[in-house]
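Take a look at this one chain, the form predicted alone, written out in structure tokens.
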């Protein structure tokens, strides 16, 4: 099969083996896959991953023990636990110490014609959703995870730092809570996507310490300190950014101001699919360009551009 492989260097291969399908897993033919910041960080050494990157996808089930899945269009949760440890038994297998993570840790990902995932990780895609919308399910779910971790009321003052792919999704997801929300970025053309949905934006830096909640979606090693600096005493900072290297963290401010720090990763697919189906979020506006898989290396380079939002890989 065709696949984009990272082994210290990115390359496209036409002869990569189709993944082996273990008991309880399904083989999915990938239609579209999205390139995200984590994929770019992998090429810089994040997680020490070697293999096929990619974890945002939509595809069709070609092989599965559960015949009800055959031929279904699906998206998939990316974490697979051992099923036996205390974390898995507690229902949080995304923290299993033996877990694999699609395209990130221990499992080849979606930058390929085929991928394998447990059947229980798969969610069928409503007919009302296009592939271009469905491919955003995983990152949008990660945005909704914040609403499970932090109680956000209509009177809460919330600031999203970053107007990239994730920042725009987080801003749209949190806007549905009715909070007093502002998204801060450096690119007027990106912020315009939010403005058209009635979400307040600000260009440049915020200097005042004015927010109950700040969310770091900057993709920058300095993002955490920026978020801490604008958070009220006893406020909360949610860290969404994953980077291969971080600078010095201002933990003294965290202690003195009694700030709660919440790490936030993967999230629930159900509210993401529901929001996509209801069109309460706009994801198609985030698509900058679609490349065929044969141009995968060029696509990942393009995704690094400051003016790029979501770059997609098309397999067929």
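Bear in mind that the values here come from a model prediction, so they are computed numbers and not experimental data. Positions refer to the first chain, counted from 1.
This next part talks about the form predicted together with a further copy of the same chain, which is not shown.
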- prompt: For the spot marked by 87, 233 and 258, is every residue within 4.5 Å of a further copy of the same chain in the predicted complex through some heavy atom?
  reply: yes
task: Scan 120, 192, 186, 148 and let me know which has any heavy atom within 4.5 Å of a further copy of the same chain in the predicted complex.
output: 148
statement: Counting only non-hydrogen atoms, the one stretch of 174-182, 154-162, 121-129, 93-101 within 4.5 angstroms of a further copy of the same chain in the predicted complex is 93-101
message: Please tell me whether any heavy atom belonging to residue 265 falls inside 4.5 Å of a heavy atom of a further copy of the same chain, as the geometry stands in the predicted complex.
response: yes
message: I'd like to check something about residue 46: if you look in the predicted complex, is any of its heavy atoms closer than or equal to 4.5 Å to a heavy atom of a further copy of the same chain?
response: yes
- request: Although a further copy of the same chain is absent from this view, report whether residue 242 comes within 4.5 Å of it in the predicted complex, heavy atoms only.
  value: yes
message: Taking any heavy atom pair closer than or equal to 4.5 Å as contact, tell me whether residue 224 reaches a further copy of the same chain in the predicted complex.
response: yes
